[in-house]
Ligand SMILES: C[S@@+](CC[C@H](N)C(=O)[O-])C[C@H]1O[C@@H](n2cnc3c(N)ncnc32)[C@H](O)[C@@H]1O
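A single chain, nothing else alongside it, follows as structure tokens in the form predicted alone.
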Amino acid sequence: MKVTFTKERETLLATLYGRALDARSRDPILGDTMASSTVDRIDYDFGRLKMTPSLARNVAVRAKHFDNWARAFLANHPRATVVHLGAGLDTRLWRIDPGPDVLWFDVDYPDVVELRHELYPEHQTIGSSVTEPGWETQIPADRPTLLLAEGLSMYLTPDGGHALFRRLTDHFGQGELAFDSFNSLAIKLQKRNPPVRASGATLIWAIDDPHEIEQANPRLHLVEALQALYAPGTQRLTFGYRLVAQLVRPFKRMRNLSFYLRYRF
């Protein structure tokens, strides 16, 4: 199956490949075997993305963290709705395997959703840019709702991101919003990241203070702000990664390069 995505869309192939490489390693972190088998079905030169085994472990640690947050939310709300924003080719729905009373929607561009339906079992999707108003009205708003946005915020504009979060919290009565962010230094550094450079993707939104989200949307209340460099699971990353993380700890901008953020509304 030939895939010809470019720029931001192409990065979804990098994270898919990262999860596949992790699954194929001797000591997988995420163990996403479905990602591994999906890579084998796609006609695409994954080598051009320069996704190394060490970068793949970073991808796996981040994905596992958001999987765990989703599992915890569903344990407390067994009749919930999950809205996966910018789902790409993520297989989180099958990794978590939520109960029959959970409503789960994967949202992404129409061509990405079309590819999902060619590659994956039948599941509920919405084909739209997440920033396009109106798609959320297709989802019932009568349940606790988890809004997941892994690897998305940095590709939005600040105004677009704030407008998206306001629109969703206005539509859904209660729940949580979980996403990861980069600060302004990380946005500059990530432009040198091999998969980002190979795809030509543009990173835009830098969040230097997690409370910025609350200030823009008083309905959102920060519950957790975890520094990605030191988040649970990073002890399984390479020695080089862990050494650098310790060396930069005294420097605020460096230790705060990326956050895993969770808000309640």
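All of these numbers come straight from a predicted model, not from anything done at the bench. When you see a residue number, it is the position in the sequence shown, counting from 1.
We do not show the form predicted in complex with this ligand, though everything after this point is about it.
Check: in the predicted complex, does each residue in the set Thr15, Tyr109 and Ser129 place a non-hydrogen atom within 4.5 angstroms of this ligand?
Finding: Yes, all three are in contact.
Margin query: Within 4.5 angstroms, counting heavy atoms, which one of the listed stretches 117-125, 184-192, 68-76, 84-92 is next to this ligand in the predicted complex?
Written below: After filtering at 4.5 Å, what remains is 84-92.
Item checked: Residue (of Leu156, Val102, Leu146, Leu168) lying close to this ligand in the predicted complex, criterion heavy atoms within 4.5 Å -> Checking each option against this ligand in the predicted complex, the one that comes within 4.5 Å is Leu156.
Margin query: Can you pick out, from Arg9, Arg24, Arg242, Arg255, the residue that has a heavy atom within 4.5 Å of this ligand in the predicted complex?
Written below: The residue from Arg9, Arg24, Arg242, Arg255 that makes the contact is Arg9.
Note to self: Under a 4.5 Å heavy atom criterion, is Glu176 part of the interface with this ligand in the predicted complex?
What the structure shows: Glu176: no, not in contact with this ligand in the predicted complex.
Next item on the list: Decide whether Arg62 counts as a contact residue for this ligand in the predicted complex under a heavy atom distance cut-off of 4.5 Å.
Entry: Within the cut-off, so yes.
Notebook entry, point to check: Hey, in the predicted complex, does Ala80 get a heavy atom within 4.5 angstroms of this ligand?
Noted result: Looking in the predicted complex, residue contacts with this ligand do not include Ala80, since no heavy atom lies within 4.5 Å.
Next item on the list: Indicate whether this ligand has at least one heavy atom within 4.5 Å of a heavy atom of Gly151 in the predicted complex.
Entry: Flag for Gly151 set to yes.
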